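Read the single chain below, which is given as structure tokens and is the form predicted on its own.
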Amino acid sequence: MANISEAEIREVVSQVLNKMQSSSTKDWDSTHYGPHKFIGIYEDMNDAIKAADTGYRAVRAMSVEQREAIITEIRRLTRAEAAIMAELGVTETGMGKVEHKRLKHILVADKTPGTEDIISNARTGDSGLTLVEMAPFGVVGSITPSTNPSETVICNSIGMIAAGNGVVFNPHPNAIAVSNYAVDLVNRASKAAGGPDILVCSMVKPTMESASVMQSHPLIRLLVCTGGPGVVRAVLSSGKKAIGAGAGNPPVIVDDTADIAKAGKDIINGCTFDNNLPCIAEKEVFAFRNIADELISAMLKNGAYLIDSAQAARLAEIVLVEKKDKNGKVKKIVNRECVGRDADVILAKIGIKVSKDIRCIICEADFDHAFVQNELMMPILPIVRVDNIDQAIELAVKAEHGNRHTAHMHSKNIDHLSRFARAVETTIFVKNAPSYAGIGFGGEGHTTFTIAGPTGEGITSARSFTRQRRCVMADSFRII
């Protein structure tokens, strides 16, 4: 599989998509690569949960070493089939870049923590010994997005299995094929490593109704949601223990002590990674007035295209559309046809033809501009000029909208960096690097695609999907 050709990848993708468009996966024929009958995919959520519970009971009886063997095989298969999942994800959703999605799968395979993240603690004293261990919840219900679909499935599966859980997924309806491909991959890995044939499960056609069944089912002990504010709110109001990874609108501050050439390159690299689909990506820039021209020049040298205010106004009418909420109030929402699209494709919508070398659309904007206030998830980057650090921090914090997700800053002034970090209170704060350094890509630390700001778990890992259990031995087992 590691040496599969581009033609073979396209053939696998075509077969997977054709089969997933049918109402069932039961008739899938076995082939050498991908379009075999997917394992662990159900038409009824109740059946999926029951199967995941069986998988949980099997993995619970396994040793930690056996769990790690399953995870090792998941990592191997993810690396081997990263190109397939990348191509499948872009083809199915129309969003992102194939090479970047391949890199994200490799990142997940290499830097998602496994069983080493599950650490027991012991305390001794005059009254004996107390042992605290990290135990599984049981069956975890996980809602996954269309922006990082298979990456989230695999990342969550590794952490949840390391913790000893079974998992049932309700993927985003626009990314069913690639999400279920990843579910099947995890189950193939489990079977190959001597684990249960079905350890993680999903739906043939996930819906809001199947998500509702999952959220209320008595066998589901933990809910994990990676998605927009609506689904996160639904999970948090379920009455169950829930981990919510919500939206962001990450600001970037660039002051006059920064390495401007490097800042321009880093910001464009981060903003354009997978066409700005990651929630951590740079969404708006606040640049000191005295270095703004130099910063824009550095961005233009790194694949940016500068549009004027009139062009930005026309583009805003296309990439943001009006929608009435249930109370009849009109609000701006992103045009799904533009999310995660290439910069040249978006520019063509306002009659500007550029080459594929153009990666990002930049413009100067006022603070109140729609591009500043809305998380676009597309390679469009507004730049707001500011006079000083006080104004930069004030506006950046407001633009982040209290999501406390991610923020960035390019500066060599420790006081400026510290002040912004304290003021913005984000889960991730990246200094002098592209945004993706915050999840371990070119930076230290582990990776995740479930960044739980609303519920406080932060950069989730295996231990996030455990519950603490205490065992006490009074007056014994202290040897000093």
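Just so it is clear, the structure is predicted and the values come from calculations on it, not from any experiment. Residue indices: 1-based, along the sequence shown.
There is also a form predicted in complex with a small molecule; it is not shown, and the following applies to it.
Trainee: If the cut-off is 4.5 angstroms on heavy atoms, which of these, 123, 241, 205, 336, is the one near the small molecule in the predicted complex?
Mentor: For this set of options, the contacting one is 336.
Trainee: From the list 128, 138, 173, 94, which entry has a heavy atom within 4.5 Å of the small molecule in the predicted complex?
Mentor: Comparing distances to the small molecule in the predicted complex, the residue within 4.5 Å is 173.
Trainee: May I ask you to check whether residue 405 falls inside a 4.5 Å heavy atom distance of the small molecule in the predicted complex?
Mentor: Within the cut-off, so yes.
Trainee: Indicate whether the small molecule has at least one heavy atom within 4.5 Å of a heavy atom of residue 417 in the predicted complex.
Mentor: No.
Trainee: Taking heavy atoms and a 4.5 Å cut-off, does residue 451 contact the small molecule in the predicted complex?
Mentor: Heavy-atom contact with the small molecule at 4.5 Å: present for residue 451.
Trainee: Taking any heavy atom pair closer than or equal to 4.5 Å as contact, tell me whether residue 215 reaches the small molecule in the predicted complex.
Mentor: The answer is yes: residue 215 has a heavy atom within 4.5 Å of the small molecule.
Trainee: When the small molecule is placed as it is in the predicted complex, which of 307 to 315, 231 to 239, 264 to 272, 384 to 392 ends up with heavy atoms within 4.5 Å of it?
Mentor: Selected range: 231 to 239.
Trainee: Within 4.5 Å of the small molecule in the predicted complex - does that hold for a heavy atom of every one of 251, 400 and 455?
Mentor: No: none of 251, 400 and 455 comes within 4.5 Å of the small molecule in the predicted complex.
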